[in-house]
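Single chain ahead, written as C-alpha cells, the form predicted on its own.
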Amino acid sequence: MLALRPVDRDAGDRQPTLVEHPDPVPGPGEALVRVRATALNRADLLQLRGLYPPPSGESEIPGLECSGEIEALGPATDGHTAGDGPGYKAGDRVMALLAGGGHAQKVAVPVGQLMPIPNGLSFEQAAALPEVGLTSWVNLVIEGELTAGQTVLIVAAASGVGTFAVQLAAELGAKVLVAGRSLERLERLRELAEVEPMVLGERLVTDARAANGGRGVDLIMDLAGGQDLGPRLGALGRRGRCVLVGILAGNSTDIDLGDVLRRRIRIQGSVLRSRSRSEKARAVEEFMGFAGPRLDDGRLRPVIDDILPFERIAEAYDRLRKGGVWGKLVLRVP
C-alpha cells in the first residue's frame, strides 16, 4: 500500500513523502479499513519533527483520523463497539479515530474507535470529523463538565478543533465566547453557532467577564497555551475550570497560585492520543450518542478548508504549517 513514510527520528530530512509500505494486519478487536479520505492535524506536524511519537504499539505512520470502508475484521472480532453499539461488517462505510496510521491506503483500527458515517456525508467530510469531534467532546464534556446554561470561553476558536467545539458547545446549551488573534476569522464562526468574538490581548479578561454579567466564565477550553494563559485565568468565575488542550503559543506561563486558591479554580491538562483504547471507545460511544443524530440532520457539521489528492500531501503539510487554514485540510486517498 501507499503510505506516508514513518518518521526516522535520527534523520535530518523529515519531508512528508509517500512510500510503499506493507499492508497492516488487523489483530483481535480490530478492523482493516480501506481508507478513502484522511485529514491533517497539528499533531501530525509535531510527529513529522520527531516531537510527538505514537503511543507504544500503535502505527508509526502519521494520521489521526480517516474514513473509508471496512475490508475485513480481525480474528475473534465480533464487530461491535463498546457497550451495545451497532455491529460492523465488511463493506460498511465508517470514520475512525486513530492513534496513528491514517495517512495510508489501509489502516487497522480498534473496533471501538469506529463510527458509522453520518447520513449524507461524503468520505471527505467524514474524514474531517473524528479528531475534532472527539477532542471537543472529551475537553468540553468529560474534562470540562460543561452543561446547559453555563458559559465557555474557547481560545484559538478559529482552529480546526475550534470550529467544531463552538458548534458542540452551543448544542450542549452553553453560552459560547470565542477568542483568537483575528477578529475577522472569529466573525466567521457566527456561520456555525451563536458566539461572542473577542480578540486575545489585555482586554480579554474584562470583555469575557462583562459578557457573562461580570461573574466570569464557567469553563475555558484553551487550545493555545503560552505566556498569556496565566492572565487568561482571570476570566474564570469562582470554581471555574480551565482545560488546556494545546500549547501552540508556548509551553510556559506565570500563574498566581494564591488566586487559584482563593477562587478555587481548576486547571486540567488534557491529551487524547495517549488515552487507552478502552477509554477512547467509551468516549466514542458517548460522543456518537449525543452528536450522531445532530450530524445526521446537519445541526453539527465538519468545516473543510480544502480537499487535496493524496499525492499532494507535502503541499497540505506545508499549508498547515504556514497557518491560516479555516477548518480542516482533507486528503482524498486513491
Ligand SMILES: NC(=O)c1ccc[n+]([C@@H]2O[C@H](COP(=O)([O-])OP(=O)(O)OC[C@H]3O[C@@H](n4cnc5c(N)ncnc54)[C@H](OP(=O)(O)O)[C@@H]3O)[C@@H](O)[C@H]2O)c1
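Note that this is a predicted model, so its numbers are computed, not measured. Start at 1 and count along the sequence shown; that's the residue number.
Separately, the form predicted in complex with the ligand exists; it is not shown, and the next lines address it.
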Legend entry - Candidate stretches 182 to 190, 252 to 260, 101 to 109, 165 to 173 - the one whose heavy atoms come within 4.5 Å of the ligand in the predicted complex: 182 to 190
Inset, instruction - Please pick, from 156, 219, 208, 96, the one residue with any non-hydrogen atom lying within 4.5 angstroms of the ligand in the predicted complex. - result: 156
Legend entry - Heavy atom within 4.5 Å of the ligand in the predicted complex - residue from 141, 200, 121, 195: 200
Inset, instruction - May I ask you to check whether residue 320 falls inside a 4.5 Å heavy atom distance of the ligand in the predicted complex? - result: yes
Legend entry - Residue contact check: residue 282 to the ligand in the predicted complex, 4.5 Å heavy atom: no
Inset, instruction - Give a yes/no on whether residue 90 approaches the ligand to within 4.5 Å in the predicted complex, heavy atoms considered. - result: no
Legend entry - 4.5 angstroms heavy atom contact with the ligand in the predicted complex for residue 270: yes
Legend entry - the ligand in the predicted complex - contacting residues of 206 to 241, heavy atom within 4.5 Å: 223, 224
